[in-house]
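The chain below stands alone, shown as structure tokens; this is the form predicted on its own.
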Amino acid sequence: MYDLIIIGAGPAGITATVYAARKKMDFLVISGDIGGQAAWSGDIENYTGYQFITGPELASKFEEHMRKYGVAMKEPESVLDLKKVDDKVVVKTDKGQYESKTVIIASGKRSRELSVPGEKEFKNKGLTYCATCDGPLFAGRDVAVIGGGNSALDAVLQLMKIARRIYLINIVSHLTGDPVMIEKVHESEIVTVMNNARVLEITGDGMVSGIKVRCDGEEKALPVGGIFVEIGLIPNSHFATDIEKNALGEIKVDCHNRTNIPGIFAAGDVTDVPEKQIIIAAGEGSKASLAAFKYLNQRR
């Protein structure tokens, strides 16, 4: 029986871990990976203390800080179910079952899929959801980035150093990311922005060789050797069936990171907290850990 189980090891989960370790709590971390979305990010220029750092570098520093405390960890391991039973929380995973007095859900989000013909066939065969992870594989090629928000713009900025030409395919009438990023994209001579464009099909023969789109009512076939899908994220909250969520599937929390079930807290991008930023997720993780510690002390 643990004092606390932390689900997820992204910025929120890792920060919660550091705070739990410093409070001398008996806890376990369960996560599918380490670093979460931070490890997928490109250049980060808005994390306090670092005027510039890459996502993988920041994720590595997070992990180094966490490992310093010698935490008990199950990774990679996926949570399948979470239930409050009397005064304990039972967490079931694909590898076992664990019990705790409190839980912090910091499981983050995952990439939203296009749901068009060819997507499943060409996944990891020229179609990817992570420019940071896979961008270097497409050096010197023509590529397409799907999306118009910060995730898509970040992917384009990374690929501008690698690809020969980039088509930015945006379903709405204008780009919606940060103005600074939009300005950099528009200044590039190798980027073609296609607004009011919808993806119809991914094509290829074994590997991706093209993408069909409808732009301003006209169908076009673009020859590309790589496709990066950056159309948003879905909360990893499917296992928390008894916990209240909003219409987007985000877990509802109050200012103390409490869910509708006593003893179960949530932090980071999996919650309905406004703005999904690394620094916000980290702050929410610390709050959740302190709230869990206070909850345990009050019950003792």
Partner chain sequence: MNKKVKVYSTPTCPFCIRAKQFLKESAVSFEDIDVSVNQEAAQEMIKRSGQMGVPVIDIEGELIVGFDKDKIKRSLGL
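Numbering follows the first chain given and starts at 1. Each form is matched to the other, and the largest set of C-alpha atoms that superpose within 1.5 Å is called the rigid core. Given the structure is predicted, the values throughout are model-derived calculations rather than measurements.
Missing here is the form predicted in complex with the partner chain; even so, the following discussion is about that form.
- Only one of Asp26, Asp272, Glu63, Asp242 comes within 4.5 Å of the partner chain in the predicted complex through a heavy atom, and that residue is Glu63.
- The listed set Ser100, Thr93, Asn150, Thr132 contains one residue whose heavy atoms approach the partner chain in the predicted complex to within 4.5 Å, identified as Thr132.
- Though the partner is left out of this view, Glu219 does not reach within 4.5 Å of the partner chain in the predicted complex, counting heavy atoms only.
- Contact annotation for Gly249: none of its heavy atoms lies within 4.5 Å of the partner chain in the predicted complex.
- In the predicted complex, no heavy atom of Tyr47 sits within 4.5 Å of the partner chain.
- Interface residue remark: Asp81 is not counted as part of the site for the partner chain in the predicted complex, having no heavy atom within 4.5 Å.
- Here the chain stands alone, but in the predicted complex its contact with the partner chain, taken as any heavy atom within 4.5 Å, falls in 122-130 among 186-194, 100-108, 83-91, 122-130.
- Proximity to the partner chain in the predicted complex holds for all of Asp33, Pro56 and Met207, with the criterion being a heavy atom within 4.5 Å.
- Contacts between stretch 133-161 and the partner chain, counted in the predicted complex as any heavy atom lying within 4.5 Å, involve Cys133, Asp134, Pro136, Leu137, Phe138, Ala139, Arg141, listed in sequence order.
- Superposition of the core reveals a Cα shift of less than 2 Å for Val91 between the shown form and the other one.
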